[in-house]
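As a starting point, one isolated chain is supplied in structure tokens, in the form predicted alone.
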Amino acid sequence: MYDVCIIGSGAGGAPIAYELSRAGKRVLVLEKGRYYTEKDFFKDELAVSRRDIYTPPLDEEQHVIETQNSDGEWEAVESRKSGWNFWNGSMVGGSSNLMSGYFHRMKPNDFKLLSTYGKIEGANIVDWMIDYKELEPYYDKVEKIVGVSGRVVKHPFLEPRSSAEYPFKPTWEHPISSWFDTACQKLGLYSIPTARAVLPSDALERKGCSYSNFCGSYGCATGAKGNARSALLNKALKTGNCTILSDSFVYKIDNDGKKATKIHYYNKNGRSLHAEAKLFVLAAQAVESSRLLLNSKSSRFKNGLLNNYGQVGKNLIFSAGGSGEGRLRFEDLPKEKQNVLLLRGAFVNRSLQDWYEFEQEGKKIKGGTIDFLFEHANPTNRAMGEVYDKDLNLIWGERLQQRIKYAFIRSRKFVFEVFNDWLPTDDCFVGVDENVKDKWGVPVAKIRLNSHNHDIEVGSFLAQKAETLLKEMGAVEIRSNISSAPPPNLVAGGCRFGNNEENSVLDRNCKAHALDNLYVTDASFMPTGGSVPYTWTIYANSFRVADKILKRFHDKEL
């Protein structure tokens, strides 16, 4: 029997494996995806852009997506028919392998959204069970162990920090960052150097960044990116106490009414096996964790494990917002700036949080973060971005050829991404569809999607501010797209933590209310997401929970 069995190897599971194995506990990690390493991560644009090689084929594993039509009726469509892919980073280390690595901490007010900003009709907002002060030491720990690079500058929404500076200097910055800084100065804005989970040089037993510019959606070929495998699991393996089984899909958790007793999984040959442990940690990603619980029915939990009060899968959230872009044209720039614009590889590393909170009609409104960057280096995506003209008319033939040539050698797109809260509602949740099954014959997750109008309003407000900055920098063809389309790589909720079993699934330490030895440590516990990408917070909370689990082992509670 293992001391700890962890289901999922991403940012929610890896810190538990790292800390427990280093403390001498026998740890088993089960991961549904493959075991890729740095040598497998080549820059194949077609493989990533057109063939989704890091996600399962939708004919074998899919979701059912439920959306509302123009008549207000809910329509469910299998994703193998729609092509709407909700998988992201199915591999050891999870989606942290494919992140861009923009790391922002949540702000103190993000932990108390309800008490700070008040109720919003139609939204299930609650305050967190913990506050920023409790999580801050773990944000700091992630900086040092996972590796966060950057430069701290003072601004109105800077979070309190226990370390004055980041442990690693910023990655190589593109000269356009100084253009950005100048534009901010003219507009009276605070230019923030964006922290990155990317090592600028060799450190932490990993290679430094090679500055290929292929970060988002790509695995890192050097190990510089702070993904869960490179930063944590590799070191857990070195203890000799950690076993990682890839291609292992967990489909059921057994219980005796008081504790989880056993998990069942299929290995890569389709053989059903099981594993036993003193303690179980579920970190399979927000949608899949809820699905596994709902599929783990028993006499004690007839509606799914931990779901006697119908809380599992509820209040699913995503990162709201969207993106925008503007074009910097050579003909508008002096010769020296044209040459600078062609420089490849360096990071922009700039963001704005001037409107993380703002007033509107005398009321305090929660805003968000705007990250700025060049368009992705992937030439397939860049070419596809030119198939519409400035009036959004489809173009082709010689005209399209000329437009692509101009885009690649006579201009460059500067883009932005908006992050704001996706408010939890009754109509955004995870269930299972008993009539649609995956290649193992297990019911798939059914995801009902709905967003609150407030999300769009805030996102649009932030996008307008970002567009103003692009105009100041001299960009043209400026446009943005703020919508209710959810980013599948930024999903949370479904197993909220809270005071009791009637309105939540987990307690303040992410232990199940209903079972004494089952924890959920991916983003499922989050009742709200903050206006930043989630990864840093997931890492930090998982380190926090690891300390709670270690104390229980020390106190011989397990």
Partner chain sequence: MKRRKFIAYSAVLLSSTVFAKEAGSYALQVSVLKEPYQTISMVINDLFPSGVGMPNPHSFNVIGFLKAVMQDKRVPAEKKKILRNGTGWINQKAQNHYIKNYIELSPDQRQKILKTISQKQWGDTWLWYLMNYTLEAMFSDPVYGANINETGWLWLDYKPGLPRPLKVNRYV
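Keep in mind the model is a prediction, meaning the values are calculated, not measured. Residue numbers count along the first chain shown, from 1.
As for the form predicted in complex with its partner chain, it is not shown, yet the points below apply to it.
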Candidate stretches 496-504, 22-30, 510-518, 37-45 - the one whose heavy atoms come within 4.5 Å of its partner chain in the predicted complex: 37-45
Contacting member of I409, A76, L343, A203, with respect to its partner chain in the predicted complex [4.5 Å, heavy atom]: I409
L187, L158, I395, I130 - the one with a heavy atom within 4.5 Å of its partner chain in the predicted complex: I395
Its partner chain contact at L400 in the predicted complex, heavy atom, 4.5 Å: yes
Interface membership of P379, its partner chain in the predicted complex, 4.5 Å heavy atom rule: yes
H274, heavy atom within 4.5 angstroms of its partner chain in the predicted complex: no
In the predicted complex, V153 touching its partner chain (heavy atom, 4.5 Å): no
Candidate site P56, V387 and I404: all three near its partner chain in the predicted complex by heavy atom within 4.5 Å: yes
